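Presented as structure tokens, the chain that follows is alone, the form predicted alone.
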């Protein structure tokens, strides 16, 4: 006779991703509907109600929503207030910008040199490209960091590797030293400031204050109208945001998500329970840096230019404000905050909102926008500490 025993303490079944994050289906549905509507109303693929410039603004807004998602995972769920994630965003933009600028310049140089009586050598082409790109900073040599600029696949790899490696090294040094709280925030801000000051120098190989320009001109597609190219990038941005939302929802779900949220609430207790706190934090910090880099690589070809001012610490502070306004600890809240602030900023500072003449004073929105943003942040902090996303939660609970 064989005796068998049964375990009376059966583990509860693990909830699926959609059950733990019901917002995923809503978000993917709304994102798909939004993408379809813009496509049907655009100049390139629709009836022309939405202009090409507005399509670019909407595409860039989707990229900002993606980097806000990354910020929400690292801050809202893991408790790391990083004031340097927009630096990773900018590095992704620089990585793709180098490839686009090099390829476009090479086309122009080859076309000009081909008019000569003697065909140019590859060395002559390389020297002419370097002089064309770096003549503005008084140089005629191609820097070492541009070694892979003539290879789009390698530069696309740099979009992931450069932000990821910087985050990995910085995070390993900071987390192994158990730097937490406001001290860690100051360190991330110092990293961003150092990177920004470095990029402002002319001898860094990235054209200093001039930055990289003309990124909206995609090599190989110079004859394609900008209206079509803007739709391509809009679709790519929407796809990246959808995949990014799924990835972030997976990270914050299940046991892994429970652990990082426990680290946010009581790091010492989680470490006492035997979890490798530093490993969890390093993974989240590096992953969100990579997501930020991808968002930047999609953003700046639509913006057309990137310069060191984009990497300044104030940009990362704005990013934290977006997430706080939207509601940190809620993925959809980060998207709402980034989209609302970005679109409102474009409307107020882009000439869409009419200035108001009070007789004794004229309100110019380009001057008052940052004041409104600050007041909005204070109001949300005081009256809606859970952000705009928290209002949705309240309305859903009230109706149910």
Partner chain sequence: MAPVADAQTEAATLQDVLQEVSEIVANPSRAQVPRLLERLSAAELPGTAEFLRAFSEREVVQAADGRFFLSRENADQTLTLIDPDSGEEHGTVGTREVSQIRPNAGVRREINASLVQFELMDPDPARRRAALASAARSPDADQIPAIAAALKAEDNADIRARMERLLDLLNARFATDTAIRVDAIEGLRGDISTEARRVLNQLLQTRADFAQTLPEDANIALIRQPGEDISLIAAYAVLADADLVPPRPGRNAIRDALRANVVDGMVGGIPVHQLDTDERRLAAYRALEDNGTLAPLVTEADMQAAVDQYVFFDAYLEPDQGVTDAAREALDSTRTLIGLFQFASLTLDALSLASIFFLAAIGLAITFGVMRVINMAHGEFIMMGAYTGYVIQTLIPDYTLSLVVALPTAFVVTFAAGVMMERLVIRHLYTRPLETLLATFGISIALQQLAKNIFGTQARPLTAPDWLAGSVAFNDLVSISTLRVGIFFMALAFLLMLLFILNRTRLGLEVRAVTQNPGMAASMGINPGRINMLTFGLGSGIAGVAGVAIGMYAQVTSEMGANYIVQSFMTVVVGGVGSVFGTLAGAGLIGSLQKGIEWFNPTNTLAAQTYMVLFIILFIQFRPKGIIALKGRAAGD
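Residue numbers count along the first chain shown, from 1. Just so it is clear, the structure is predicted and the values come from calculations on it, not from any experiment.
Separately, the form predicted in complex with the partner chain exists; it is not shown, and the next lines address it.
(message) residue 44 versus the partner chain, in the predicted complex: is there a non-hydrogen atom within 4.5 Å?
(response) Result no; residue 44 lies far from the partner chain in the predicted complex.
(request) Check whether residue 22 has any heavy atom within 4.5 Å of a heavy atom of the partner chain in the predicted complex, and answer yes or no. (result) Outside the cut-off, so no.
(message) I'd like to know if residue 105 sits close to the partner chain in the predicted complex, meaning any non-hydrogen atom pair within 4.5 angstroms.
(response) Result no; residue 105 lies far from the partner chain in the predicted complex.
(request) Give a yes or no for residue 29: in the predicted complex, does one of its heavy atoms lie within 4.5 Å of a heavy atom belonging to the partner chain? (result) No - in the predicted complex, heavy atoms of residue 29 and the partner chain never come within 4.5 Å of each other.
(request) Identify, from the list 120, 205, 164, 219, the residue with a heavy atom within 4.5 Å of the partner chain in the predicted complex. (result) Residue within 4.5 Å of the partner: 120.
(request) Note which of 239, 246, 228, 314 lies within 4.5 Å of the partner chain in the predicted complex, where distance is taken over heavy atoms; exactly one does. (result) Filtering the options by heavy-atom distance leaves 314.
(message) Tell me which stretch of 112-120, 290-298, 147-155, 228-236 has a heavy atom within 4.5 angstroms of the partner chain in the predicted complex.
(response) Selected stretch: 112-120.
(request) Go through 150-185 residue by residue and record those having a heavy atom within 4.5 Å of the partner chain in the predicted complex; state none if no residue qualifies. (result) Contacts from 150-185: 170, 173, 174, 176, 177, 179, 181, 182, 183, 185.
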